[in-house]
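One chain is shown next in structure tokens, namely the form predicted on its own.
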Amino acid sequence: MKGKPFFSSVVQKLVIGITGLLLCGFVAAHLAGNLLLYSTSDRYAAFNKYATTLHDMTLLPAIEIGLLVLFVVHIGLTLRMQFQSQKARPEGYAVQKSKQGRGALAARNVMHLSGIVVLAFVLLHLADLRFGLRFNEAGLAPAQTVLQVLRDPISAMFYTVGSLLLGYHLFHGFQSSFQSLGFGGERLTRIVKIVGILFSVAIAVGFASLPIWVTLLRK
């Protein structure tokens, strides 16, 4: 019976790591598609073709449900692990009395906050570009819809800030995913950290560049 909580903890960490890396792959693929907006020839034909092909996919609803499950499982297990960790230390975080403990707690709090903002960012993105709840002008090509959304000052600001916080979240989450999968060793940890930094910066800059570019495009 004593081994059961440990086994449960190990399984949860593995699932968190796997779902985290799968979500990283989704984010990277999504960014690659969005960057086609920079191909402005023939009225954004490359992006329009990409978006139309994606939305016309027969399996798109199944893929979207799968992504939703990934998000729910990843977030749910992460919060559960955090709750279990707090419950196992009822003394009230004595480690917070040290400077290192306060720094670790602050980093966790920012990580959780960034996760909430990222979730709101995803929901706004779906509302705008998947379901057209805010901008739903008939007859617009996909690229025109994106430009219309990002030309809104409030949307542009939120998408920019959300992109940067996504990068921050990935910076910590990328490394944590590998740690959850049991990858260790000084050399491998250093490589994962470097790759994580490059990945998170590329994602943050890539996504944030789009609302900034659209704003400058108007002038």
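All of these numbers come straight from a predicted model, not from anything done at the bench. Residues carry their position along the shown sequence, with the first being 1.
Only in words, not in the display: the form predicted together with a small molecule, which the text now covers.
Of these, 58-66, 43-51, 153-161, 176-184, which stretch puts a heavy atom within 4.5 angstroms of the small molecule in the model of the complex? Of the stretches listed, the one contacting the partner is 176-184.
Just to confirm, with a 4.5 Å cut-off on non-hydrogen atoms, which of L124, L140, L147, I75 contacts the small molecule in the model of the complex? Comparing distances to the small molecule in the model of the complex, the residue within 4.5 Å is I75.
Though only this chain appears here, would L37 touch the small molecule in the model of the complex if you measure heavy atom gaps against 4.5 Å? Looking in the model of the complex, residue contacts with the small molecule do not include L37, since no heavy atom lies within 4.5 Å.
Contact label in the model of the complex: L129 to the small molecule, heavy atom within 4.5 Å: L129 lies outside the contact set for the small molecule.
Hey, in the model of the complex, does K193 get a heavy atom within 4.5 angstroms of the small molecule? Heavy-atom contact with the small molecule at 4.5 Å: absent for K193.
Indicate whether I16 is a 4.5 Å heavy atom neighbour of the small molecule in the model of the complex. I16 belongs to the contact set for the small molecule.
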